[in-house]
Structure formats: structure tokens, C-alpha cells
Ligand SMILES: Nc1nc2c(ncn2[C@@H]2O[C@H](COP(=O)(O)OP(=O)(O)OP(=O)(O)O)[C@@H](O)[C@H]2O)c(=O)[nH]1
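A lone chain, given as C-alpha cells: the form predicted alone.
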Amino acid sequence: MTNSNPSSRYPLSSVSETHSLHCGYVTLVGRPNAGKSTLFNTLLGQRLSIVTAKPQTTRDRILGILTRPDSQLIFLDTPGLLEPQYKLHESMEHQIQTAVRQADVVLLLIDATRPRDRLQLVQAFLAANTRPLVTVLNKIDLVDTGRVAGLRHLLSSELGLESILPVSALRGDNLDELLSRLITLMPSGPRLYPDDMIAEQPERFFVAELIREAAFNNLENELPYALGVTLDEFREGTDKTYIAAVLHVERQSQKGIVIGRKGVRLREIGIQARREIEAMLERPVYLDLWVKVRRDWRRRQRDLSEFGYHG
């Protein structure tokens, strides 16, 4: 995917071939709902990762590219650190491990509103990590200013970390300082992607993600986690793009909940998803949604592979 509307915050300028560029991969890691996807989107100036209030929204690693005159940072957004309970979780954990192996720098996010959330998982990750590390305390806009210094000291003591940078992915606090730290740690070398490229995944991937985001926003309790999305058809016409998608659930009773009384909930999901897809594709869309039962798909490797989850 190319960038048809580059962020004006970091404008490109001509750089001589002899100019020393810094280029490399930054993998975002943290507990669910630490704000990884929000930070990912804010740094890129593009909404590539879906964001909801529910944890475990991100299921795969997503690549986004920030090109500046002096650097090219390739960010990898990942699922949240967790203890796997079924095959889908194992796939998510595999995506984290794969992204960390690719990383030149690991960017660890800690939620300032829940600084000790499953701290043992973060400690286990840090014990195994061999990559250069930058740690940020995110969501400082949601805590009293006077608490920030104490939280940094607490986490430095408990996790053995130095120089934890307080940031707000939502408000943009200290993101210029964060980028400076990341660029400093990047190896020198040529850009790995064209200047106008912002993402590696195809449009179909992002369309399916936007449909899943709309479902997350319109469903409650555990049901969103039992839902997967596949595209049956993606056809560009002269007037509209036709998209046929299937929302897969694990139980017949879940199918009725997703559809809703007289189809109301499915229509709401479709309305929200179509609006976001049209904004992304910048053209009208006809979205045709279906709901099917795929029993226990989260626990079956064959189903996960068919739905695009590998590992």
C-alpha cells in the first residue's frame, strides 16, 4: 500500500546518496490494551491497526513504514503478551516472537493506568529479550501528572529498566523524543521500502480488519474473540467496489447474536465497516456480510491457516 496522503509532520526532502541514513525494524511489545496500535497509528500518521476498547484486538503482526529525510523506521505492531489458552493464542504468541526476531529495536509499552498488569509476563519477556530496548510509559494523559515520576521509579525498580520515557500515544506527548531515541539505535543503511510506501499487507487484509473492528465495537462480552473474518470476493467496478465477507463464529447461538433481531446488529456492523472501508479505499463500496458457524475454529490449526493466522 502506498501513501496517497503523506503525513505533513515529517516531510520528506531530497537526501544525497552519500547522506548517512538510519533504517531498521521497531517491534512494539506490551500487554493487551497498552496502546500499541494507537501509538503505531499515531507515529505513522495513518490508521493501519484497528483499535477498540477491548483487549486482544490485534491478532497478527502489522507492518507500517515511516520514511523521513534521515531515516526509515519499519514498525511492527503485535498482539499483546498473554498466556496461550488455545491455538489462536499460540499463533498470536508466534507472531510476537517472529516480530521480535526481526527487530533492530524492541519498543516496550507499559500502561500508566495499569502499570503492574501481569507484570510477570513482562518480566519473562525481558528476561528472554536480546534486542536493544526502548521502554515507554504510555497513557500519561490518563493519570495525574504528579504520579508519573513515581510510576517510572517503581517500574525501573521492579523491571530493572532505565530511562523509561513517559508518552501519550493519543495526545502525542514526547513522541518526537521517542522517534529520536529509536533513530539513534537504528543501523546505518539504505531505505528498504520506496518512499511512498506505508504498509506491506494488501488492501484485502485491511478490509477484513476493519470489518472485525466494527464487529468488536458492536458485540459484547466474549463473543468478539470467537469471531473471525474472511473475504469471499473483492471486485472493483466502475462505480463501486463489491466486497463479500463472512463473519465466522463458533456456535449456532453466536450466529443469532451477531445477526441480531431482524438483522439489526449485522446491519450496524456493516454500516460502520463500510464507512471505514470507503474512507480507506477512497471510493464507494457495496459490502455484503454473511455469518457462518465454524465450530471451535480458534482451536483448529487448519481453520487458523485458512483464516490467515500462521504459526
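The numbering used is simple: start at 1 and walk along the sequence shown. Bear in mind the structure is a predicted one, so any value in this text is a computation, not a measurement.
Not pictured, yet referred to below: the form predicted in complex with the named molecule.
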> Where does the named molecule sit in the predicted bound form: which of 46-54, 242-250, 65-73, 256-264, heavy atoms within 4.5 Å?
Replying inline: 46-54
> Within 4.5 Å of the named molecule in the predicted bound form, heavy atoms considered, which of 107, 169, 100, 198?
Replying inline: 169
>> Is residue 115 near the named molecule? Define near as a heavy atom within 4.5 Å, in the predicted bound form.
In response: no
> Using heavy atoms and a 4.5 Å limit, would one call residue 273 a contact residue for the named molecule in the predicted bound form?
Replying inline: no
>> Can you tell me whether residue 269 touches the named molecule? I mean in the predicted bound form, with a 4.5 angstroms heavy atom cut-off.
In response: no
>> in the predicted bound form, does residue 135 come within 4.5 Å of the named molecule, counting heavy atoms only?
In response: no
> Heavy atom within 4.5 Å of the named molecule in the predicted bound form: which residues of 24-39 qualify?
Replying inline: 31, 32, 33, 34, 35, 36, 37, 38
